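Next up: just one chain, as structure tokens, the form predicted alone.
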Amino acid sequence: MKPKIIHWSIIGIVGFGLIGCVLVILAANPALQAEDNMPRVTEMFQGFQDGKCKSCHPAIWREWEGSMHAKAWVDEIYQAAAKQIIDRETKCDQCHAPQPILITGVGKMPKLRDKQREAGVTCLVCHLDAHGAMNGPPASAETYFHTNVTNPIYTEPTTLCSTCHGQQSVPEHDQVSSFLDGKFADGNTSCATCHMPVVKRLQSTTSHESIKGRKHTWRGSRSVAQLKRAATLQLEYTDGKANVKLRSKTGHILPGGTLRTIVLEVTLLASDGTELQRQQISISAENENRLLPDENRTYPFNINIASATTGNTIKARLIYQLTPDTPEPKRILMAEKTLMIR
């Protein structure tokens, strides 16, 4: 971006964070207050296209470019699903390539942008305001390339996240509604607690020391590690019945999307590993049996007593299926318990 001379009156300084800057609170010259801010917004989009964000914030950029936010538009699974939706531009696309939500309205249905769609959910989507300034939480580094605003919404970002992940008219991505109904929302927990863990790093190339910030990876259903933390299993066997106790460890409904399925599978194996019996229960939006936040649920499985002899093994597995068409080799094992019959 070319430097632009603007006459400001400086009235204070406050720390700024996510993109690593010191906020200079500015009072505009009255002659500039009526100025159209769109050129500055356009400059920020051009700066993103030209690699300005990447060059100044390389650590955060590396996190983002490997995330599903960066791939939100180009992801093959998304494109295949969206092609089946009538009027996808008003039901799907606007959350996968949205205009900056600080401009269109936090919590309101996003609007589809007409350029740079392949970049998905960019830093501008969550941080750029109508004045061309970048918003974020407090921190300690300086910048000279754009105006910065410390915004308290980033301290408790659930409302920000709800713009795309809390629209009840789009149940596929509405995780926030169930989060707000659960106990996690009553404490100091937000979406960022699990999906943007704290990391210590240089916020920008102007930073002099590493500071704590939120990691821009948004780990979710494509993360094996995140899935393995999402639930726990307990397995008990008594008198021909295997009871599997399933507990959701997530802060929102599980599975979180309407296309996702969790399969609870119980298998009886002979001492030589031969499969004697298998039973499955599918947990999904379609079956209307998804788990609520922190819910405990017990599933009884009847075991063939004639086959269940000493030395046989009962195995319970929780398997994650991203879409109805996910082939078995690509399904993720979330949890597993085994019990030997004695």
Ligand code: HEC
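Numbering starts at 1 and follows the sequence shown. Remember, it's a predicted structure, so these values are computed and weren't measured experimentally.
Below, we refer to the form predicted together with heme C, which is not included among the displayed structures.
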(message) Given that heme C is not shown alongside this chain, does Thr267 nevertheless sit within 4.5 Å of it in the predicted complex, heavy atom to heavy atom?
(response) no
(request) Using a 4.5 Å heavy atom cut-off, state whether Pro157 contacts heme C in the predicted complex. (result) yes
(request) Could you confirm whether Gly182 comes within 4.5 Å of heme C in the predicted complex, counting heavy atoms only? (result) no
(message) I'd like to know if Leu227 sits close to heme C in the predicted complex, meaning any non-hydrogen atom pair within 4.5 angstroms.
(response) yes
(message) Within 4.5 Å of heme C in the predicted complex - does that hold for a heavy atom of every one of Ile60, Met134 and Arg260?
(response) yes
(message) Just to be sure I understand the contacts: of Leu246, Leu235, Ile103, Cys194, which is the one whose heavy atoms reach within 4.5 angstroms of heme C in the predicted complex?
(response) Cys194
(request) Find the only residue in Met68, Ile314, Ala285, Ile303 having a heavy atom within 4.5 Å of heme C in the predicted complex. (result) Met68
(message) Could you pull out the residues of 114-133 that have any heavy atom within 4.5 Å of heme C in the predicted complex?
(response) Val121, Thr122, Cys123, Leu124, Val125, Cys126, His127
